[in-house]
Each structure stands twice: as structure tokens, then as C-alpha cells.
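In C-alpha cells, one chain follows: the form predicted alone.
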């Protein structure tokens, strides 16, 4: 049996330490969200779900969830409509500057959102988009469309081009090939890209925070305001809101892992011969 080295023990120890602290942090928030009073004891003195009802009314979670759903669905729909044709061009066409274009699409994903979020928000406020639902959607499209392109390009490259050539020989036009042949084959990839964009949009704080108004806050921004706004609020209500947000993100992540094959996301774009 192979024995672990000192370095391996240190790595596993650091991982275990991180996981234990993360579990303790999440557990404390969950327990506090269902506890009546919790002072100087290992467990609360009583259990209740009152704080969830209180958070639902106090923070207007119904409106917040509706806005979050609207923003997420609009961003997913527009990103797929724009990103899938763009990824097809990058996967099938060879043109000067192709690598540069692909790199430009990757920049919003590689760069921290705050680095381009502030100038982007400035432009959106200047033209009256920020502070409304449209501004939040436009801001989230900046990283979402490149994300769809990055996800869909490997899916398109895996489709044999002889299928498209045969369709062209039969007289099919480009849009007919895309709609009747490629689209059904790309359904798994489109579904994977949509779920990943949905997860990213719901969890996006920086861009949404910089462009959202009072009536266009998503759940993660509303959670931040519930913790930092002036006034006295029960910590249990804030924790209940945090549990709702974390639960929704976990559901989306599980769905993403169910439909997404990670090996397809790391595939490189193949260079077609000149």
C-alpha cells in the first residue's frame, strides 16, 4: 500500500480544515435561521420557521424572486440567440484575426467583473439604462454571451462537417442547415450553456449591484442590502434569506453538473487548415 508523503498529508489536512470550517459556517447559518434564541449554548433554545415568513414579508422576497427570474431568463435567451451563431462562426470559419476575436470573447470571463463593471455602469447610467431591469440585463450579457461561445464551440466542433456538406449538396441553405440539422444535434450543448449562464447570472453580484435600482434587485443584491442597510433587523431573518439564496444556487449547480460534461468545456478550438 502506497504511503502518503508529508506534503500530501499537509495538502489533505488543509483541504479537510477548509471543508470543516465551511460546513461549520453553513451549519451555523442554517441552525440560526430556525432557532428562537441562541446565546451561550451549543444549540438554540427552541426551533421555529417564523424567520422565513418574516424574511419573506420584510424583504419583499416575492418581488425579488420575480425580478431574479426575469433577469436570468432574459439573459439566458439573449445569450443563446447571440452566442450560438457566433460560436458556429468561430468553429467553422477561418478568417484573419480569428484568434484575437476568440481572445476578446474570453476577456470578460477571465477578468474580474469589477474591473469593467464600473465603466460599464457609467455608460449605462449615462444613457438611462442603469437603475432599471434593462440595465441589469445588459450588464449581465457582457460575460454571459462569451460564456455561451466558450461552451458551445467545442460542441459544434464535435459535429462532423460532412453532414453539412451533404445537406449543401442537396440544396439546403445555411439557415436551413443550422435550423434543421445542427440545432437538434446541439440541444445538449445549448441546454448546458443555458444552465451555466443561469447559474452565473443568479450568482452575479458585482455587475448587478452596480446597475440595479430599487425595483430591479436580484436575490444576491437584496441579500447584501439586508445585511448592510440602516436599521435594526433580526439576524435570524437575514440568515433565513441567506439559506434561501444558498439553496437556490445549490439546486442550479446540481442541475448544471447533471447536464454538463466538464471535459467538453475545456476542449480547445481547433484551427482549420488554410
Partner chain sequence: MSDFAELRLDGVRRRFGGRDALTGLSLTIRRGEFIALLGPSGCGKSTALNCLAGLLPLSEGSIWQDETRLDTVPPERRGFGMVFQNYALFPHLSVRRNVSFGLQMRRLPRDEVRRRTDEAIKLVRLEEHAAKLPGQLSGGQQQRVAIARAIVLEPALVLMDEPLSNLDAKLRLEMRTEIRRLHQSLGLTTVYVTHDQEEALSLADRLVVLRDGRVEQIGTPQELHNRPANRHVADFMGYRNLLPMKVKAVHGATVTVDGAGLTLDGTAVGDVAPGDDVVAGIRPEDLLAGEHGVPVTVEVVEYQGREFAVEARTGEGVALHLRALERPAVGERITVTAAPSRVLVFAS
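These figures come from a predicted structure and were not determined experimentally. Numbering follows the first chain given and starts at 1.
Heads up, the form predicted together with the partner chain isn't pictured, but that's what we're talking about next.
The partner chain is not drawn, but in the model of the complex it has a heavy atom within 4.5 Å of residue 165.
The partner chain is not drawn, but in the model of the complex it has no heavy atom within 4.5 Å of residue 187. Using a 4.5 Å cutoff between non-hydrogen atoms, residue 132 does not count as a contact of the partner chain in the model of the complex. Although the partner is absent here, residue 172 lies within 4.5 Å of the partner chain in the model of the complex, judged by heavy atoms. Using a 4.5 Å cut-off on any heavy atom, none of the residues of 194 to 228 reaches the partner chain in the model of the complex.
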